[in-house]
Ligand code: ADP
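Okay, here we've got a single chain as C-alpha coordinates, the form predicted on its own, with questions on binding and movement later.
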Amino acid sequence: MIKKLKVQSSKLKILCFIFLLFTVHCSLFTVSACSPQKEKIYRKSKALMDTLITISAVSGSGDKAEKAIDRAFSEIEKLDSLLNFFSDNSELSEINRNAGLKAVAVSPETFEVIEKAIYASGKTSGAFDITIGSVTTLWDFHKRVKPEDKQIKERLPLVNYKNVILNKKSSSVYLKKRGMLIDLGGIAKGYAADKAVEALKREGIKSGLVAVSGEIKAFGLKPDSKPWKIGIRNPRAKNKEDEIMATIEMTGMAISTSGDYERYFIIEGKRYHHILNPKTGYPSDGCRSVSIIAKDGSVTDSFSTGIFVLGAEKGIKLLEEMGIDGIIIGKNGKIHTTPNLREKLEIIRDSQRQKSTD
(Lines give C-alpha, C1' and ligand atoms only; values in the text may rest on other atoms or scores of the structure.)
Protein backbone atom coordinates (compact mmCIF):
# COMPACT_ATOMS: atom_id res chain seq x y z
CA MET A 1 0.00 0.00 0.00
CA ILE A 2 1.20 3.48 -0.80
CA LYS A 3 2.53 5.46 2.17
CA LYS A 4 1.74 9.08 2.96
CA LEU A 5 4.64 11.14 4.27
CA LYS A 6 4.57 12.09 7.93
CA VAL A 7 5.81 15.57 8.82
CA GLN A 8 8.56 15.88 11.46
CA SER A 9 10.34 18.95 12.86
CA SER A 10 14.05 19.63 12.48
CA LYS A 11 16.64 22.42 12.42
CA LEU A 12 16.11 23.00 8.70
CA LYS A 13 12.54 24.19 9.13
CA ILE A 14 10.51 20.99 8.89
CA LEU A 15 11.95 17.88 7.32
CA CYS A 16 9.38 15.79 5.49
CA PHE A 17 11.64 12.93 4.46
CA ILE A 18 15.23 11.96 4.03
CA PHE A 19 16.39 8.89 2.26
CA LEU A 20 19.69 7.69 0.86
CA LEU A 21 19.32 5.10 -1.90
CA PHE A 22 21.61 2.18 -1.12
CA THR A 23 23.53 2.37 -4.40
CA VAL A 24 22.98 6.03 -4.93
CA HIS A 25 25.39 8.65 -6.14
CA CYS A 26 22.96 11.46 -5.16
CA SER A 27 21.05 11.69 -1.90
CA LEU A 28 17.51 13.00 -2.04
CA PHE A 29 15.61 14.83 0.64
CA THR A 30 12.71 17.26 0.76
CA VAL A 31 12.53 20.21 3.10
CA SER A 32 9.15 21.86 3.57
CA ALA A 33 7.19 23.81 6.14
CA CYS A 34 3.84 22.66 7.48
CA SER A 35 1.23 23.64 4.93
CA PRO A 36 -2.53 24.10 5.21
CA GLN A 37 -2.89 22.74 1.68
CA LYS A 38 -4.62 19.40 1.25
CA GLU A 39 -2.03 18.13 -1.15
CA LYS A 40 0.52 15.70 0.26
CA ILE A 41 3.54 13.79 -0.97
CA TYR A 42 2.95 10.10 -1.63
CA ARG A 43 5.73 7.68 -2.49
CA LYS A 44 6.45 4.09 -3.42
CA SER A 45 9.69 2.16 -3.89
CA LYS A 46 10.47 -0.93 -5.96
CA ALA A 47 13.55 -2.90 -6.94
CA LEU A 48 13.86 -2.65 -10.73
CA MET A 49 16.70 -2.22 -13.23
CA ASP A 50 19.06 -3.77 -10.65
CA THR A 51 18.53 -0.89 -8.24
CA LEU A 52 16.03 0.71 -5.88
CA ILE A 53 13.59 3.09 -7.55
CA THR A 54 11.48 5.56 -5.59
CA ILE A 55 8.65 7.55 -7.13
CA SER A 56 6.99 10.45 -5.31
CA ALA A 57 3.80 12.24 -6.36
CA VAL A 58 2.10 15.33 -4.94
CA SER A 59 -1.66 14.97 -4.91
CA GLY A 60 -4.79 15.69 -2.93
CA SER A 61 -5.90 12.11 -3.48
CA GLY A 62 -4.06 9.00 -2.33
CA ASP A 63 -5.90 6.88 -4.91
CA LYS A 64 -4.94 9.21 -7.74
CA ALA A 65 -1.33 9.27 -6.60
CA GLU A 66 -1.17 5.49 -6.29
CA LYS A 67 -2.64 4.98 -9.75
CA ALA A 68 -0.20 7.43 -11.29
CA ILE A 69 2.81 5.95 -9.50
CA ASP A 70 1.82 2.43 -10.58
CA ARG A 71 1.58 3.63 -14.20
CA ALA A 72 5.04 5.14 -13.88
CA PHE A 73 6.43 1.88 -12.55
CA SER A 74 4.80 0.04 -15.44
CA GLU A 75 6.75 2.26 -17.85
CA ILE A 76 9.99 1.43 -16.06
CA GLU A 77 9.19 -2.30 -16.03
CA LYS A 78 8.61 -2.15 -19.78
CA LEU A 79 11.95 -0.46 -20.36
CA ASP A 80 13.68 -2.96 -18.10
CA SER A 81 12.35 -5.80 -20.22
CA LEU A 82 13.54 -4.10 -23.42
CA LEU A 83 16.96 -2.82 -22.35
CA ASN A 84 18.23 -5.41 -19.86
CA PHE A 85 21.83 -6.32 -20.76
CA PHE A 86 21.64 -9.58 -18.78
CA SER A 87 18.29 -10.89 -20.02
CA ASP A 88 18.32 -13.18 -23.06
CA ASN A 89 14.77 -12.04 -23.83
CA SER A 90 15.45 -8.30 -24.10
CA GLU A 91 15.65 -6.41 -27.37
CA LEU A 92 19.13 -5.29 -26.39
CA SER A 93 20.33 -8.89 -26.14
CA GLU A 94 18.79 -9.60 -29.55
CA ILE A 95 20.81 -6.73 -31.02
CA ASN A 96 23.99 -8.02 -29.38
CA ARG A 97 23.42 -11.62 -30.52
CA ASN A 98 23.13 -10.43 -34.10
CA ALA A 99 26.23 -8.23 -34.08
CA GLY A 100 28.00 -8.56 -37.43
CA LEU A 101 25.11 -10.63 -38.81
CA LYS A 102 22.00 -8.53 -39.36
CA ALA A 103 20.01 -5.50 -38.30
CA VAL A 104 17.36 -6.02 -35.63
CA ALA A 105 13.99 -4.24 -35.68
CA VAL A 106 13.27 -2.77 -32.27
CA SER A 107 10.59 -0.85 -30.38
CA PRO A 108 10.46 2.96 -30.53
CA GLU A 109 11.81 3.16 -26.97
CA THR A 110 14.88 1.00 -27.66
CA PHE A 111 15.63 2.90 -30.85
CA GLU A 112 15.21 6.27 -29.13
CA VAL A 113 17.49 5.53 -26.17
CA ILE A 114 20.23 4.18 -28.46
CA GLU A 115 19.86 7.23 -30.70
CA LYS A 116 20.27 9.50 -27.65
CA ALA A 117 23.30 7.51 -26.57
CA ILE A 118 24.96 7.93 -29.97
CA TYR A 119 24.36 11.67 -29.73
CA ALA A 120 26.09 11.78 -26.33
CA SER A 121 28.98 9.72 -27.74
CA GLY A 122 29.49 12.20 -30.54
CA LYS A 123 29.38 15.24 -28.26
CA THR A 124 31.90 13.69 -25.82
CA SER A 125 34.18 12.44 -28.63
CA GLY A 126 33.60 8.87 -27.56
CA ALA A 127 34.22 9.39 -23.83
CA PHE A 128 30.72 7.98 -23.45
CA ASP A 129 30.32 4.86 -25.60
CA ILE A 130 27.59 2.23 -25.22
CA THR A 131 29.67 -0.30 -27.19
CA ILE A 132 31.91 -0.64 -24.11
CA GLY A 133 29.96 -3.82 -23.29
CA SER A 134 32.59 -6.16 -24.69
CA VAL A 135 35.07 -4.73 -22.16
CA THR A 136 32.78 -4.25 -19.14
CA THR A 137 32.02 -7.98 -19.21
CA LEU A 138 35.70 -8.64 -18.43
CA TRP A 139 35.49 -6.77 -15.12
CA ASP A 140 33.68 -7.90 -11.96
CA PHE A 141 33.67 -5.23 -9.28
CA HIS A 142 31.78 -7.39 -6.81
CA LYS A 143 34.25 -10.26 -6.99
CA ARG A 144 37.26 -7.94 -7.42
CA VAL A 145 38.11 -9.36 -10.85
CA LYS A 146 40.64 -7.31 -12.82
CA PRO A 147 41.21 -8.61 -16.38
CA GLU A 148 44.61 -9.13 -17.91
CA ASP A 149 46.03 -6.41 -20.16
CA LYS A 150 45.96 -8.84 -23.08
CA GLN A 151 42.23 -9.50 -22.66
CA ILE A 152 41.40 -5.80 -22.69
CA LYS A 153 43.55 -5.11 -25.76
CA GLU A 154 41.82 -7.92 -27.65
CA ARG A 155 38.38 -6.41 -26.95
CA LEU A 156 39.14 -2.72 -27.51
CA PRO A 157 38.74 -2.89 -31.33
CA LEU A 158 35.09 -3.80 -30.69
CA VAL A 159 34.48 -0.52 -28.85
CA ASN A 160 33.39 2.20 -31.28
CA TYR A 161 29.98 3.87 -31.29
CA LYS A 162 30.47 4.73 -34.97
CA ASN A 163 29.94 1.05 -35.76
CA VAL A 164 26.33 1.24 -34.53
CA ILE A 165 24.11 1.68 -37.59
CA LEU A 166 20.64 3.10 -36.96
CA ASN A 167 17.88 2.97 -39.57
CA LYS A 168 15.02 5.22 -38.53
CA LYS A 169 12.74 4.11 -41.35
CA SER A 170 12.85 0.46 -40.31
CA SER A 171 13.48 1.25 -36.61
CA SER A 172 16.43 -1.14 -36.68
CA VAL A 173 19.85 -1.35 -35.07
CA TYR A 174 22.89 -3.06 -36.55
CA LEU A 175 26.31 -3.63 -35.00
CA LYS A 176 28.94 -3.86 -37.73
CA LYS A 177 31.42 -6.16 -35.96
CA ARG A 178 30.86 -9.65 -34.62
CA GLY A 179 31.41 -9.66 -30.87
CA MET A 180 30.29 -6.05 -30.30
CA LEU A 181 28.09 -5.55 -27.26
CA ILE A 182 25.90 -2.56 -26.43
CA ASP A 183 25.60 -1.87 -22.70
CA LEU A 184 23.04 0.84 -21.89
CA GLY A 185 23.93 1.02 -18.20
CA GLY A 186 25.15 4.60 -18.63
CA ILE A 187 21.89 6.00 -20.01
CA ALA A 188 18.97 3.61 -19.41
CA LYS A 189 18.19 4.75 -15.85
CA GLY A 190 18.07 8.42 -16.79
CA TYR A 191 15.88 7.60 -19.77
CA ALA A 192 13.60 5.56 -17.48
CA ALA A 193 13.25 8.56 -15.14
CA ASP A 194 12.13 10.67 -18.12
CA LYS A 195 9.51 8.13 -19.13
CA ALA A 196 8.26 7.71 -15.57
CA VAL A 197 7.75 11.47 -15.21
CA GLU A 198 5.85 11.52 -18.50
CA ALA A 199 3.58 8.78 -17.14
CA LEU A 200 2.92 10.73 -13.93
CA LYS A 201 2.01 13.84 -15.91
CA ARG A 202 -0.36 11.86 -18.16
CA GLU A 203 -2.22 10.80 -15.01
CA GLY A 204 -2.69 14.42 -13.98
CA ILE A 205 0.10 14.70 -11.43
CA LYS A 206 1.41 18.26 -11.40
CA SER A 207 4.39 17.71 -9.13
CA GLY A 208 6.59 14.75 -8.35
CA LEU A 209 9.99 13.20 -8.29
CA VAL A 210 11.49 10.01 -9.73
CA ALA A 211 14.75 8.60 -8.35
CA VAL A 212 16.23 5.71 -10.33
CA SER A 213 19.41 5.03 -8.39
CA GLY A 214 21.50 8.20 -8.84
CA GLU A 215 19.32 9.50 -11.68
CA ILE A 216 16.75 11.93 -10.28
CA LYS A 217 14.10 13.95 -12.10
CA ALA A 218 11.81 16.48 -10.41
CA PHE A 219 8.91 18.58 -11.65
CA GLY A 220 6.45 21.00 -10.11
CA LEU A 221 6.58 22.26 -6.53
CA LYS A 222 6.14 20.53 -3.19
CA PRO A 223 3.00 21.18 -1.12
CA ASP A 224 4.78 24.10 0.58
CA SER A 225 5.24 25.71 -2.87
CA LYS A 226 8.99 25.20 -2.79
CA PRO A 227 11.21 23.37 -5.30
CA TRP A 228 12.58 19.91 -4.59
CA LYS A 229 15.90 19.96 -2.74
CA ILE A 230 18.55 17.49 -3.86
CA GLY A 231 21.70 16.57 -1.99
CA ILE A 232 24.96 15.77 -3.78
CA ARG A 233 27.08 13.14 -2.12
CA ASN A 234 30.63 13.67 -0.93
CA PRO A 235 32.68 11.08 -2.89
CA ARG A 236 35.08 10.66 0.04
CA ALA A 237 32.65 10.78 2.95
CA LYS A 238 34.07 9.09 6.04
CA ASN A 239 30.88 9.21 8.09
CA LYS A 240 27.20 10.09 7.79
CA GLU A 241 27.79 13.70 8.84
CA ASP A 242 30.01 14.20 5.79
CA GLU A 243 27.71 12.32 3.38
CA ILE A 244 26.05 15.38 1.81
CA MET A 245 28.55 17.80 0.26
CA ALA A 246 26.16 20.25 -1.41
CA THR A 247 22.48 20.85 -2.10
CA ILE A 248 20.51 22.39 -4.93
CA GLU A 249 16.85 23.23 -5.41
CA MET A 250 15.28 22.15 -8.70
CA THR A 251 12.05 21.79 -10.59
CA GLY A 252 11.50 20.70 -14.17
CA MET A 253 15.04 19.33 -14.24
CA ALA A 254 17.02 16.10 -13.87
CA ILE A 255 20.29 15.43 -12.09
CA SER A 256 22.65 12.48 -12.43
CA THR A 257 25.91 11.71 -10.67
CA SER A 258 28.70 9.38 -11.73
CA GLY A 259 31.29 8.59 -9.06
CA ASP A 260 34.24 6.33 -8.38
CA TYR A 261 32.94 5.41 -4.91
CA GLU A 262 30.00 3.13 -5.64
CA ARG A 263 31.37 -0.01 -7.31
CA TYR A 264 35.08 -0.36 -6.82
CA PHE A 265 37.88 -2.36 -5.26
CA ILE A 266 41.43 -1.47 -4.26
CA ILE A 267 44.51 -3.49 -5.18
CA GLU A 268 47.95 -2.40 -3.98
CA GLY A 269 46.61 1.04 -3.13
CA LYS A 270 45.03 1.65 -6.54
CA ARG A 271 41.28 2.18 -6.87
CA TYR A 272 39.55 0.28 -9.69
CA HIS A 273 35.99 1.49 -10.27
CA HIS A 274 33.23 0.78 -12.77
CA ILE A 275 33.48 3.91 -14.94
CA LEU A 276 35.70 2.69 -17.76
CA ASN A 277 37.46 4.82 -20.35
CA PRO A 278 36.33 3.46 -23.74
CA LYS A 279 39.73 4.31 -25.21
CA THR A 280 41.74 2.25 -22.69
CA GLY A 281 39.31 -0.25 -21.18
CA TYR A 282 40.49 0.77 -17.70
CA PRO A 283 38.79 2.93 -15.04
CA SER A 284 39.07 6.65 -15.73
CA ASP A 285 41.09 8.48 -13.08
CA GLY A 286 40.43 12.15 -13.87
CA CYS A 287 37.56 12.71 -11.41
CA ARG A 288 36.01 11.54 -8.18
CA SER A 289 32.47 12.44 -9.15
CA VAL A 290 30.48 14.38 -11.74
CA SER A 291 26.92 15.69 -11.32
CA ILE A 292 25.06 17.00 -14.36
CA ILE A 293 21.83 19.03 -14.35
CA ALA A 294 19.65 19.32 -17.46
CA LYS A 295 16.04 18.96 -18.54
CA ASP A 296 16.32 15.32 -19.64
CA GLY A 297 17.52 12.40 -17.53
CA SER A 298 18.90 10.68 -20.62
CA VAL A 299 21.21 13.68 -21.05
CA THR A 300 22.30 13.95 -17.42
CA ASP A 301 22.90 10.20 -17.14
CA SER A 302 25.01 9.82 -20.27
CA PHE A 303 26.91 13.09 -19.92
CA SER A 304 27.79 12.50 -16.26
CA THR A 305 29.63 9.38 -17.42
CA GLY A 306 31.18 11.02 -20.47
CA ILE A 307 32.33 14.11 -18.55
CA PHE A 308 33.80 11.88 -15.85
CA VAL A 309 35.98 10.24 -18.49
CA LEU A 310 36.88 13.57 -20.14
CA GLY A 311 38.05 15.06 -16.85
CA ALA A 312 37.42 18.40 -15.15
CA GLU A 313 39.01 20.82 -17.62
CA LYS A 314 37.58 19.37 -20.82
CA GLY A 315 34.33 18.53 -19.04
CA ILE A 316 33.59 22.06 -17.84
CA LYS A 317 34.46 23.44 -21.26
CA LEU A 318 32.03 21.07 -23.00
CA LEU A 319 29.25 21.78 -20.50
CA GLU A 320 29.62 25.53 -21.02
CA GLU A 321 29.53 25.08 -24.79
CA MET A 322 26.32 23.06 -24.52
CA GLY A 323 24.68 25.30 -21.92
CA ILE A 324 24.41 22.45 -19.40
CA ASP A 325 25.11 22.81 -15.69
CA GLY A 326 27.47 20.58 -13.79
CA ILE A 327 29.64 20.13 -10.73
CA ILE A 328 32.85 18.13 -11.01
CA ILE A 329 34.96 16.87 -8.13
CA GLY A 330 38.45 16.45 -9.57
CA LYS A 331 40.86 13.67 -8.65
CA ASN A 332 42.45 15.97 -6.04
CA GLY A 333 39.11 16.84 -4.45
CA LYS A 334 38.83 20.31 -5.97
CA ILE A 335 35.30 21.42 -6.85
CA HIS A 336 34.65 22.77 -10.35
CA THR A 337 31.27 24.20 -11.37
CA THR A 338 29.75 25.77 -14.46
CA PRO A 339 29.19 29.55 -14.00
CA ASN A 340 25.39 29.36 -13.99
CA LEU A 341 25.39 26.80 -11.19
CA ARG A 342 27.55 28.66 -8.69
CA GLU A 343 24.79 30.87 -7.29
CA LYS A 344 22.31 27.98 -7.16
CA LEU A 345 24.54 25.45 -5.44
CA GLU A 346 24.85 25.47 -1.67
CA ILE A 347 28.14 23.99 -0.48
CA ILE A 348 27.43 22.63 2.99
CA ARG A 349 30.85 22.11 4.52
CA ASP A 350 33.31 25.01 4.96
CA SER A 351 36.29 22.79 4.14
CA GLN A 352 34.74 21.91 0.83
CA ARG A 353 33.77 25.52 0.11
CA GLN A 354 37.41 26.56 0.43
CA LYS A 355 38.30 24.23 -2.43
CA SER A 356 35.62 25.69 -4.68
CA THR A 357 37.84 28.26 -6.34
CA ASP A 358 36.74 27.82 -9.95
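All residue numbers refer to positions in the sequence shown, first residue = 1. None of these values were measured; they are calculated from a predicted model.
A second form of this protein, the form predicted together with adenosine-5'-diphosphate, is not displayed here; the remarks below concern that form.
- Contact with adenosine-5'-diphosphate in the model of the complex holds for none of 231, 242 and 245, as no heavy atom of theirs lies within 4.5 Å.
- Using a 4.5 Å cutoff between non-hydrogen atoms, residue 189 counts as a contact of adenosine-5'-diphosphate in the model of the complex.
- In the model of the complex, residue 129 approaches adenosine-5'-diphosphate with a heavy atom inside 4.5 Å.
- Proximity of residue 319 to adenosine-5'-diphosphate in the model of the complex falls outside the 4.5 Å heavy atom cutoff.
- Although the partner is absent here, residue 253 sits far enough away that none of its heavy atoms falls within 4.5 Å of adenosine-5'-diphosphate in the model of the complex.
- Screening 298 to 306, 57 to 65, 39 to 47, 322 to 330 for residues having heavy atoms within 4.5 Å of adenosine-5'-diphosphate in the model of the complex returns a single hit, 298 to 306.
- Scanning 226, 271, 274, 71 against adenosine-5'-diphosphate in the model of the complex with a 4.5 Å heavy atom cut-off leaves one residue, 274.
- Residue 185 is the only one of 147, 100, 185, 235 with a heavy atom lying within 4.5 Å of adenosine-5'-diphosphate in the model of the complex.
- Contacts to adenosine-5'-diphosphate in the model of the complex (heavy atom within 4.5 Å) from stretch 213 to 234: 215 only.
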